[in-house]
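Let's start with one chain on its own, the form predicted alone, as structure tokens.
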């Protein structure tokens, strides 16, 4: 169980309808929230990175990237920006990824961020029938297809512990289902499903429909190899894995992602993606993909910040979900939008309310000094 609930959390949550608030309720207002999605656009986004004096802790970015190896590659490739990206460069990156995961290069599709991959997948499978997914998940890409009238989303409530209800999701699969979409670790909850649970669940679902597992944050977990569903692809299951360079590699603004699937499925995705990665993005990805020194450093800074936040929440007696990502989902005793506004007044940016989960706030890991500002400011804002 990933949910950490303290006595103070029970008391503070009571004013917000504690028990019901843990999972959210399926009401008319909830239906409206689901149509809008869990990730409405943020209103406080600066043009390039945080504004002067702002602690940007709302977007799950990794400010310790890009790596020096990626930056050097960007600089060199930019001088060749007059030319379209060489197909050989894309093949090089595909082979790097394939070699690491023990699959063939034709099973890899490189995209401009995993967002494009997930949007393309929704366009391929959404018209076949409903996309079945947890109630809270990274839904903007499924909504991309839904907003075009090409898909619908069937959301399955989370458990009382805010975990994904895999049995409930499988029970919702019908012959008309277009696909299942999962996110492990999940966003915005941050909870990670162990491989011993997710792999058999996904394998069973994949016998009935295509299953997409978004693994954007998996490199940040304690044991990636024990959690990933890539082995199911290698076993020939009807599974698509999506990954990104936005998180552990700190390249959110540079836009590189990829999928791992069967070669046949990869061909469908490749035929549906809307763009191609720029030469600078491709060069950066090639340069840093196996940069173990940077990956280790990057993860260490994210874990350091996360431990600071969790220690602060534990000291304050506030409930939070045990995260293995670069963000933490917690309750402050205040409605999420109220806490967001109060933090904004202190030039600290965190996320507001997701759908109708009123008491839950999400703070991302940023530079350590910015995480420290959040940890020092939170007690003042909640009157602790």
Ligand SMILES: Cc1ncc(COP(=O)(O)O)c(C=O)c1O
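Numbering follows the first chain given and starts at 1. These numbers were taken from a predicted model, which means no experiment stands behind them.
The discussion below concerns the form predicted together with this ligand, not included here.
Of the listed positions (260, 216, 191, 110), a single one reaches within 4.5 angstroms of this ligand by any non-hydrogen atom in the predicted bound form, namely 216.
Proximity to this ligand in the predicted bound form, defined as a heavy atom within 4.5 Å, holds among 195, 129, 115, 250 only for 115.
Only one listed stretch (303-311, 145-153, 280-288, 180-188) carries heavy atoms within 4.5 Å of this ligand in the predicted bound form, and that stretch is 180-188. Among residues of the shown chain, residue 125 is not one whose heavy atoms approach this ligand to within 4.5 Å in the predicted bound form. In the predicted bound form, residue 244 approaches this ligand with a heavy atom inside 4.5 Å. Contact annotation for residue 255: at least one heavy atom lies within 4.5 Å of this ligand in the predicted bound form.
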